[in-house]
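As structure tokens, one chain now follows by itself in the form predicted alone.
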């Protein structure tokens, strides 16, 4: 039962999909990416998440296919373990305990029983590349303590390490140094670029490295946008390199194609560049990818590429440089000014996304639905430029209206403030700009909200500002001779200071005032439903107060450092999250009584910044009093590192939709020659059967609707009645009904038109018979004489006689 399961904090989204390079499956059907302490498996065709591999206790830092079995996947983590997965079924096969904090993972086909990992032993910024031997054992957890040193003084990111020429050597870069280790010779060659501060050599820093899969060639990317191709590096004196230059900023990542004929590069220009035959003239571009390219991956089959972007997005690209799929995670903005909101129409989570955008994020599928461009200006990627920021947003009660506030301020006296009202358009299924207000207040807007009264005919918007005023905006008729339209105007202005004031929303009269000595008010919210007479406020000094609006008195107060306070719209419950040096704690209570209904200590080690209740489509059935507050709504909260968490009894793998798992099962079926022969034969049979059914007048009943078949298929065998009992029911269900006439009853001398007329007349007769039967039963009237078959036949012949000669008289 549900109440017996433990409610725990579950990571439900928001983790970085671009933290490490994505990895393709051998057949290019799936793509794997790290996501926090999970590994997610996506379909490259449908973009659906088909599996979530969970088992690591800390951040996953590397994933690689098993070179000896392409249906298995290795993963490493900060928890010091390497795990081997069967990604088709989502099953953990083995866990290898290394004991060190693992920062990157590499596999080579030649090293059958070993993998390569990056660790740090002595200093926190000095890393080593070591080989880990994976012993063979039947147990599921195995200790792997046998480490072999390979390279020292390397970078922790896997972009700075690459294996080349089928694993004959490994190249690593850091700062201005390139190190190449040869496994056969067991020697290391080191190369250094000039690090002088003049303009020519100021940005020679290495930023990434890639090795040719079949030749002795190393490609390195640099901070100045150049790409160097190194050859003859087995000799410290005869080595050479050539330069390719297109990027104006640093090269973020490099990758060779499977055959090695092309080199892919990407950077902050959001353009994927393909260098063919390593020539400056043979370049192909895929521009306007939306954000900085962080990583580039190539499928083992060579038919697909993928790019990971800074806006937490993965784009799957065909070999001809055409984007085929986009896997968009939760976009992490530098600051979440708008907080967490729920779109009343789509039930999507809404918050800051790309600069100047609102993102609509599906909590069920853990992917972005769409972006709404609020600022509607081209974003310029410049660190010194002060951008326009989207600071506030609010939805109307039914999702018909959206209010946003954007601002830009270079100096204290130069504030640019703009408020926009958006109306939902049913035709375009999106929000359209309705009203734009320049400088709605003289200072920063601190809050805005709609009047969510269900009986209110006209929507009302209230804005509050640091200028000591709040303004009321109402919807007015803005029609003219050209079109009918509505717009927003300011209706009322009131000034107040830091005390709590209560106003009538219809007459805007001051009703009462609460003076709070415990400090500045940080949060305010009204109670809901039966607790609507209460007002709650949290102060910066760590006091939670509850006022009774009917008696205008303080009902109760408590010592609690509240950082987040959110009411549940479907119940009287209110969630409050406090923060201390030990972590963040959750308290759920009703305003009518100060005793909490539920307390969850240490829901997060870091500070929780935002929270929101999301209504459930299907209510839960928690019977325990401590968990009943989760029946109607689910509580989500966002941490300082922008990890989206929730309280649930289900793991992320259990929350996957059945359609995704069915999709995985169907795609994993093998296509044998017998399957092609049988499938083609069945397809031809189905086409003939469909054509025959379309031409026939009589249609057989669907087998899904036959109760006998349903009972046979869905009832357990050990409780089924005897076969003799079901046989008569089964045979009778397959027989045609008496209302439909067979073709043998139709006389030969009647044409097709008469057949249609007879069917129509039969339906009318059947209908009149039913009506007459009911009339006779209810009213007791006489029965009308019914024609025999011979009389009907004579009547049809009589109808066939041509009477057109009468018109000539």
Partner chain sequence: MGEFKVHRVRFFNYVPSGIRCVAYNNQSNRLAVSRTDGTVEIYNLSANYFQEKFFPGHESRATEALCWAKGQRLFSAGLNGEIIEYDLQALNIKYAMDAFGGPIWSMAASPSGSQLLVGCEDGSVKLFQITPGKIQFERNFDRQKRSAIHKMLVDRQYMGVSKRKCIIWGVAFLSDGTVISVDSAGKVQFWDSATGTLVKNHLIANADVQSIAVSDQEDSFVVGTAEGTVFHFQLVSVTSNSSEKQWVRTKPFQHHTHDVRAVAHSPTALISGGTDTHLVIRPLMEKVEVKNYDAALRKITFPHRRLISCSKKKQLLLFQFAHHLELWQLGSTVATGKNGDTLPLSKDADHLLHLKTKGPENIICSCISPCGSWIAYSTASRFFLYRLSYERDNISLQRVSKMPAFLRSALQILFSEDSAKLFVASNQGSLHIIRLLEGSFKHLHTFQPQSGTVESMCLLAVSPDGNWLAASGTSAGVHVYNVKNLKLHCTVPAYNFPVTALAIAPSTNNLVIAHSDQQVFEYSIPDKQYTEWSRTIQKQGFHHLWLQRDTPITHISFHLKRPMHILLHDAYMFCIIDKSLPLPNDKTLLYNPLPPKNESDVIRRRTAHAFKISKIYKPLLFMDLLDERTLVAVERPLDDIIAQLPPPIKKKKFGT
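Positions refer to the first chain, counted from 1. The structure presented is a predicted model; accordingly, all values stated were derived computationally and were not measured.
One more form of this protein exists, namely the form predicted together with its partner chain; it is left out here, but the text below deals with it.
At a distance threshold of 4.5 angstroms between non-hydrogen atoms, residue 411 is out of contact with its partner chain in the predicted bound form. In the predicted bound form, its partner chain lies farther than 4.5 Å from every heavy atom of residue 326. None of the heavy atoms of residue 343 is located within 4.5 Å of its partner chain in the predicted bound form. Although the partner is absent here, residue 241 is a contact residue: one of its heavy atoms lies within 4.5 angstroms of its partner chain in the predicted bound form. In summary, among the residues 136, 184, 605, 427, the only one with a non-hydrogen atom within 4.5 Å of its partner chain in the predicted bound form is 184. Distance criterion of 4.5 Å from any heavy atom to its partner chain in the predicted bound form singles out 216 from the list 566, 389, 216, 79. Only one listed stretch (276 to 284, 725 to 733, 116 to 124, 306 to 314) carries heavy atoms within 4.5 Å of its partner chain in the predicted bound form, and that stretch is 276 to 284.
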